[in-house]
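This document opens with one chain alone, in structure tokens, the form predicted alone.
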């Protein structure tokens, strides 16, 4: 064959994969939207599952590795946006907001930990799995709320609780990570010292990113386009520096977002809306999330995942119901709020990725524990959130982007 002709069979690259993932997600989301019941996210995940190694195999393991950069960018945008949703001023005015969030996180953790210990899961593995289970998928709640044009106390509280859930989950996994590394692979360093470096270093990096961004914003002004470039550039730079310093990428970006929302009294950083640019990466993220699912995750061992899902939901619901009266929300609002916090998808995978990097064996055992539960929540989570926001009267059932 002449050397100026393309090779056969053709070899895909990152550009073709990105384009194919977008088009596949578009088709899946359109089909889901036509049902008038399912959110578009369900379609993205379903089409990824069909194309992935578990069914057709068009997205094989090598392709999934090649597209990890897209998932990392997507999670970075999601985590920064999540941090900007955590309004500390609101927590100061509503004194029961933080206690209710801490209670539902703690009770759901205790319920999941107790269940896993009942099944004779080792204490450290049970603690890590339960900590990951505290997290709620921010991209799901953000996108479903945007799709339904949802506004109101339940939607606002849901986003606040999602932010707090993920802060707790990220901090918990970050603190446990050195102990996992020591137990699985061995290390000459004290796990306590390593944990302090991870947490303190990630917090300092996130705040430094905010400080630099705020300083640059003082010179470029408040125009949308320059500030959009500034924020995206700082997010990408923070990801790179965190990887170089062996810090928590997600925790650093979360701190960056929280600081941008709460520690900028002169509002030099405007409230950037990533809009359709971010939606591109979100679609790819959920198609890739669907591709990670395997049919066996819904097989005979799925009942353990289902039990984990149920106790997680009950822990959150019970805590929110207990705090409903002092928090001045109705029992119905507490119920819809707990249902809105059902999803656990892309960010849970991002939180556990560092575990695979430092302790592959432990990561494999962890996956065996939580994979079926995450798989179930991939399916029912977006549907539950959509139903909750519509049932609360805050989402427009026929609204679509």
Partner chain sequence: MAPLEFKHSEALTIGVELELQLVNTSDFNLAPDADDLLRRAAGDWHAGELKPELTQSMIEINSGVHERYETLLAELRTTRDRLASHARQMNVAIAGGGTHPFQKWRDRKIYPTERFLTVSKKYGFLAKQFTVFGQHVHIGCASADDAIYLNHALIRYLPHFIALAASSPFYQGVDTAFDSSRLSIVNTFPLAGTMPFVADWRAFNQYFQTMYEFGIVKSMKDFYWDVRPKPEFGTVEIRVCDTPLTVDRAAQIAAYAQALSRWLWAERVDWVNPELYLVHSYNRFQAARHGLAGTLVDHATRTPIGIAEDIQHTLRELFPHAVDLASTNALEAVLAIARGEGNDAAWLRKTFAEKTTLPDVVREQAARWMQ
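Residue numbers count along the first chain shown, from 1. Only a predicted model underlies this, so the values are computations on that prediction, with no experimental measurement involved.
As for the form predicted in complex with the partner chain, it is not shown, yet the points below apply to it.
For a residue to qualify, one of its non-hydrogen atoms must sit within 4.5 Å of the partner chain in the predicted bound form; all three of 267, 327 and 394 qualify.
In short, of 281-289, 104-112, 132-140, 90-98 it is 90-98 that has heavy atoms within 4.5 Å of the partner chain in the predicted bound form. Checked against the partner chain in the predicted bound form, the candidates 117, 156, 246, 218 yield a single residue with a heavy atom inside 4.5 Å, and that residue is 156. Looking at residue 233, you'd find every heavy atom of it more than 4.5 angstroms from the partner chain in the predicted bound form. When contacts are judged by a 4.5 Å heavy atom cut-off, residue 333 counts as touching the partner chain in the predicted bound form. Looking at residue 226, you'd find every heavy atom of it more than 4.5 angstroms from the partner chain in the predicted bound form.
In the predicted bound form, no heavy atom of residue 240 sits within 4.5 Å of the partner chain. Annotation for 130-149: the only interface residue with the partner chain in the predicted bound form is 149 [heavy atom within 4.5 Å].
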